[in-house]
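First, one chain by itself in structure tokens, the form predicted on its own.
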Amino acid sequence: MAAMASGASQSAVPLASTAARDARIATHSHIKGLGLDEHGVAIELARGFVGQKSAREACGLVLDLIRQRKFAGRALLLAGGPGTGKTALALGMAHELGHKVPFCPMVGSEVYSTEVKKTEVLMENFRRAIGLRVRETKEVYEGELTELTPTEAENPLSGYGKTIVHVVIALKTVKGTKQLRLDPSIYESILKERVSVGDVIYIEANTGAVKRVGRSDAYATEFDLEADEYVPLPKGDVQKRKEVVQDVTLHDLDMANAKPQGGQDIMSVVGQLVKGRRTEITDKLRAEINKVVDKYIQQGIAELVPGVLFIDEVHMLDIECFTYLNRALESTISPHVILATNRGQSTVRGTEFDGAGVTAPHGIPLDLLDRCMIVRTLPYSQDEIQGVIRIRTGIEGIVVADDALTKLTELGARTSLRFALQILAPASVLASVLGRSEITVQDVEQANSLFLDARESARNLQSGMLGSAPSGSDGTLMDVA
């Protein structure tokens, strides 16, 4: 019987293909936005969301405030039970803002480290969530590479081997061709970019950076199977002034200037101001970077793009972190902060000096809670649970019979939505072992008998501790079956 099952499972497992690999399916892969219409009203089933209409509409209103730059100095708090969609709401807001707006997720427990201070971790994530769109006009050489000739000479340090003294390249545009004699360091950049004759490239005159744009469309019919991206021949002269738009975060600027390497672009401007070998990001360095950023914003070279910092399980922060959050929210350069918690009345961490600590709603001090706009997420109804399960079966590519879907819905209503979704994959494996292409009620019941949900496990543990099951001398449970 075991051999038969093994054979069936081997035949059911698809072979891996090198041409196309399945993407990993995450917990919130189905979330594509908030699912609101043009009037900001939540649609019952849209963009991967089911239910939670009031919370989605509130988050949509906050999005409008963020777009209008009217949400500074405040925070959004998503409060609700486990599995009610708090993280999904935050990810939906990130999708609505677009990939150009920085979105930095973190968990409250990330701040506890033996290497970095708690406030340093918070400030680092704050800076990750603040973007800077820099528009620079650079002098570049752009065209199709028609010649690449490195010139070698004897190595003066040894009698063996040769070294490249310069490289001669020719760039072609619609208007003409220009030959350039370049430094050997640029030849190394050309090799790193895997540039060959026939590629369209551009070279920055002040930094020597080489960028491969694509293959010239003159070679478009060279092969039957085309793997390259073909681009047209550039117009104008080979040497031209080009506006380059670069999206960076303040944390990128911090890291680039903590160990200055020199150069002419904005990433190393502060390196010219702050001399010395700095190996860590200090408040003084950040203040210098803020001054330079402010100067570039006033000159119209750069534009500040406040992003979103999402702190999940915010009740895990302690009183020092909450105090720091108060100060960070009042800063002139601060991102939009979204907090999430599933706690009710809870003790604020770090206040347990004499017995019981300070008890506050959601484990957040009242002065910080007063700055928050609070949105409540409600438990899902049975129809909404069924809608979520339908979406997840489509995302995971699982076929479920109607009666099995009803069984999973009842299971989710009795236990939790998360447990019903977790049962999907084991039930699919059990169905494939028996040669079925869809999950039946028997597969759901068998998977449910193999795994315990959280409430049942807690009940078994409680009954075992009360004496219905033997336990060890140290109080560990020996048998909960």
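Predicted model only: the values in this text are computed from it and were never measured. Heads up: residue numbers just count along the shown sequence, starting at 1.
The form predicted in complex with a small molecule exists for this protein as well; it is not shown, and the discussion that follows is about that form.
- Note which of 455, 32, 418, 436 lies within 4.5 Å of the small molecule in the predicted complex, where distance is taken over heavy atoms; exactly one does. None of the others qualify; the residue that does is 418.
- Message: Looking at 59, 413, 66, 50 here, can you tell me which has any non-hydrogen atom within 4.5 angstroms of the small molecule in the predicted complex?
- Response: In short, 50.
- Query: Want to guess which of 199-207, 180-188, 111-119, 85-93 is within 4.5 Å of the small molecule in the predicted complex, heavy atoms only?
  - Reply: That would be 85-93.
- Flag residue 313 as yes or no: does it have a non-hydrogen atom within 4.5 angstroms of any non-hydrogen atom of the small molecule in the predicted complex? Because a heavy atom of residue 313 falls inside 4.5 Å of the small molecule in the predicted complex, the answer is yes.
- Does the small molecule get within 4.5 angstroms of any non-hydrogen atom of residue 388 in the predicted complex? Heavy-atom contact with the small molecule at 4.5 Å: present for residue 388.
- Contact test in the predicted complex: residue 173 vs the small molecule, heavy atoms, 4.5 Å: Contact with the small molecule, no.
- Message: I'd like to know if residue 81 sits close to the small molecule in the predicted complex, meaning any non-hydrogen atom pair within 4.5 angstroms.
- Response: Yes, residue 81 sits close enough to the small molecule in the predicted complex that at least one of its heavy atoms falls within 4.5 Å.
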